[in-house]
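Heads up, the chain below is alone and in the form predicted on its own; it's given as structure tokens.
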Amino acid sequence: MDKRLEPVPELFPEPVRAAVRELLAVQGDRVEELRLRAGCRAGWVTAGREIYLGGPNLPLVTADLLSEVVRRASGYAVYAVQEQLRKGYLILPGGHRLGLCGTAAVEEGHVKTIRGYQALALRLAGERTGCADPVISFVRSCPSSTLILGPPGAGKTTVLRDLVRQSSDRLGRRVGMVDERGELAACRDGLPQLNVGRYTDVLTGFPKAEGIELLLRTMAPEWIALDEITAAEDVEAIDRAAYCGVRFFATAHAACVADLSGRPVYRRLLENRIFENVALIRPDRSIVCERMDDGLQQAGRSGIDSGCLALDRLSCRFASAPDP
């Protein structure tokens, strides 16, 4: 079993622990997530498919089991991770992330924490060295801010991490990373547990907008990397930094450029031409890179799948688990 996966089975009580340990020993990096829902059988996810965990004799998941997993994930100090719980997740050693669903505990109109857990999703952090090869090649020839697009679970974070690593180690670029959820670098005691390159400076736990401003003031980055642009304040901070000459690597949930352009939060980025390169991760895990204008113009000429970058001028497929 991969060393980074060794602590994962310890999050679960028996007999689930034994089933998880056996799964990871046999399937290894093919396991993308572990999912538990109260009253249902536990499952694991590979290549977007959810499969039952263990044999038919494995007991159904209970509310008590979910609570025990959260206690173990917090180091039996749930009180110390209330801020993360309020946001619906816990970051674990190795960059793994435990997502939670349950009942909100509300005080003065604000969610303080989550209780009465109904479902947990443990997303396992993965490193795919070289998966960003087509993107780094494109960035070398077109050194502009680059947006990685794809649906949930497509591997955007994995590609972004490798893109940062290669920009740092291969191109010698100074990269500042805003790792808001601790998934990109998984820093522990100041040391990244996942390889993001020797010239990369990491801020962990900072909101993206605040992190961008701090990096500009203190670290003089050439590039700034951040995962999942979702808020208007993130876009405003990116816009300001871009006028200071900083370039960005970032990800966004979208099936294509047309999907992105239809959302108000991203319209300002597109209108101000902050991102000129797009790397689209397709469902088969192939990556197609294109200049933003080229993709939009070509889609307009073809009249099909608008903005989906049909040109295969530079494409590659990164490791994807085959169907079991």
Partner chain sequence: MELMAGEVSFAATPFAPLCRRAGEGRSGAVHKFFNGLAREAEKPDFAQAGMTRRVCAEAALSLPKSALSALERLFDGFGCFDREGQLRQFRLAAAELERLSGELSRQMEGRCRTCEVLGLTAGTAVLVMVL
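Just so we're clear, the structure is a prediction, and the values are computed from it rather than from any experiment. Positions refer to the first chain, counted from 1.
Form predicted in complex with its partner chain: not shown, discussed below.
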{"query": "Options 221-229, 73-81, 169-177, 147-155; stretch whose heavy atom lies within 4.5 Å of its partner chain in the predicted complex", "finding": "73-81"}
{"query": "4.5 Å heavy atom contact, Lys87 to its partner chain in the predicted complex", "finding": "no"}
{"query": "In the predicted complex, Lys112 touching its partner chain (heavy atom, 4.5 Å)", "finding": "yes"}
{"query": "Partner contacts in the predicted complex for 1-22 (non-hydrogen atom within 4.5 angstroms of its partner chain)", "finding": "Glu10, Arg17"}
